[in-house]
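The form predicted on its own is given below as one chain in structure tokens.
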């Protein structure tokens, strides 16, 4: 008889992790963060509760990992669609030499992500929970926000070197002129978050950052 092939434990582990990630994101979208439980995630993923606790200490940690995985997959899909374009592409903010156009492109993409139902619920859950859970909030900023904000800093510094932004501007503060209004409108849900609004933010912000005669 031919020997029976041993099951691939790493592949099984990857499948279980993906199932848990998908279950966590789905439950948060359907019932909200407060009503999402480890038991519910385990049942939805078809795994034992102890499997989840072996990899994560809490549901917040599960959701964080799941969201980072989703964000990574979203970036990969975007990168595949942008292959061959000039500038930094999916790995950063494009640098075509036109700061306004580059920032509008990225802020429009941010608007699309914030309006995406698959991303909106977990983003809101992590944002809200991070306010009351300092450890989770720090992890959310360190693992997700800081790498994205660093891309703006890099692009704005390049614009400074090209003479498109004043030399005395602090890029880390300047990027808040771009991101802050988007997040404010998104969090409060007072007005629609649109591409037109993103374009106006860029026009107003860059007008204040540009060199003065």
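Residue numbers count along the first chain shown, from 1. Please read these numbers as outputs of a predicted model, since none were measured by experiment.
Here the subject shifts to the form predicted together with a further copy of the same chain, a form of this protein not shown in this document.
Asks: Go through 65-73, 49-57, 36-44, 168-176 and give me the stretch that gets within 4.5 Å of a further copy of the same chain in the predicted complex, heavy atoms only.
Replies: Looking at the partner contacts, the answer comes out as 168-176.
Asks: If the cut-off is 4.5 angstroms on heavy atoms, which of these, 115, 143, 127, 96, is the one near a further copy of the same chain in the predicted complex?
Replies: The residue from 115, 143, 127, 96 that makes the contact is 127.
Asks: With a 4.5 Å heavy atom cut-off, would you call residue 183 a contact of a further copy of the same chain in the predicted complex?
Replies: Yes - in the predicted complex, heavy atoms of residue 183 and a further copy of the same chain come within 4.5 Å of each other.
Asks: Since only the chain is shown here, I'm wondering whether residue 147 would be in contact with a further copy of the same chain in the predicted complex (any heavy atom pair within 4.5 Å).
Replies: No, no contact at 4.5 Å.
Asks: Considering non-hydrogen atoms and a 4.5 Å limit, does a further copy of the same chain approach residue 200 in the predicted complex?
Replies: Judged by the heavy-atom cut-off of 4.5 Å, residue 200 is in contact with a further copy of the same chain in the predicted complex.
Asks: Find out whether any non-hydrogen atom of residue 23 is located within 4.5 angstroms of a further copy of the same chain in the predicted complex, and reply yes or no.
Replies: Residue 23 lies outside the contact set for a further copy of the same chain.
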